[in-house]
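Shown below, as structure tokens, is a lone chain in the form predicted on its own; questions about how it binds or moves come after it.
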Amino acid sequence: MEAPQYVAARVQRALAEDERTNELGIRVDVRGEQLFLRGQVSGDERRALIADVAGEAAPGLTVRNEITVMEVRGPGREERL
């Protein structure tokens, strides 16, 4: 059985190199048979896509997607100095 830190590194590399995600800001932890994804993204579709790529990189593990979707707002009022 592969050590958890090697599995986490493989998943992080897949998230960074896969053209569907190219993601560097997601933390990956492996505990037992579960793979945890944590971080923030800008939309539900991206959140789901990251979980898909992680699942492909670590078949046999249960993916726990704890990634949150942050609210993106338009620019605020101009600041006057």
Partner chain sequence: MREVRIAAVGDVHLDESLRGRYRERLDGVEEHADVLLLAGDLTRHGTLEEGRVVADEFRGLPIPVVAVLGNHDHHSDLPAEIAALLSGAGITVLHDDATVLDIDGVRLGVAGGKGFGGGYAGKCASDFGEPEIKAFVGHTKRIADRWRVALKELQADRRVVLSHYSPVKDTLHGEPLEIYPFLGSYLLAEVVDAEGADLIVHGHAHAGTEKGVTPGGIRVRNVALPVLGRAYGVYCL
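Numbering follows the first chain given and starts at 1. This structure is a prediction, so every number in the text was calculated from the model and none was measured. Rigid core here is just the name for the largest C-alpha set that superposes within 1.5 Å across the two forms.
Beyond what is shown, the protein has a form predicted in complex with the partner chain; the following relates to that form.
Counting only non-hydrogen atoms and a 4.5 angstroms cut-off, does residue 46 reach the partner chain in the predicted bound form?
-> Within the cut-off, so yes.
Partner contact for residue 40 in the predicted bound form: the partner chain, 4.5 angstroms, heavy atom | Flag for residue 40 set to yes.
Taking heavy atoms only, is residue 81 within 4.5 angstroms of the partner chain in the predicted bound form?
-> So residue 81 counts as contacting the partner chain.
Counting only non-hydrogen atoms and a 4.5 angstroms cut-off, does residue 22 reach the partner chain in the predicted bound form?
-> Answer yes; at least one heavy atom of residue 22 falls within 4.5 Å of the partner chain in the predicted bound form.
Heavy atom within 4.5 Å of the partner chain in the predicted bound form - qualifying residues of 46 to 72 = The stretch 46 to 72, when checked against the partner chain in the predicted bound form, contributes 46, 70, 71, 72 at the 4.5 Å heavy-atom cut-off.
Would you say whether residue 70 is displaced between the shown form and the other one, judging by a C-alpha shift of 2 Å or more on the superposed rigid core?
-> No: residue 70 shifts by under 2 Å between the shown form and the other one.
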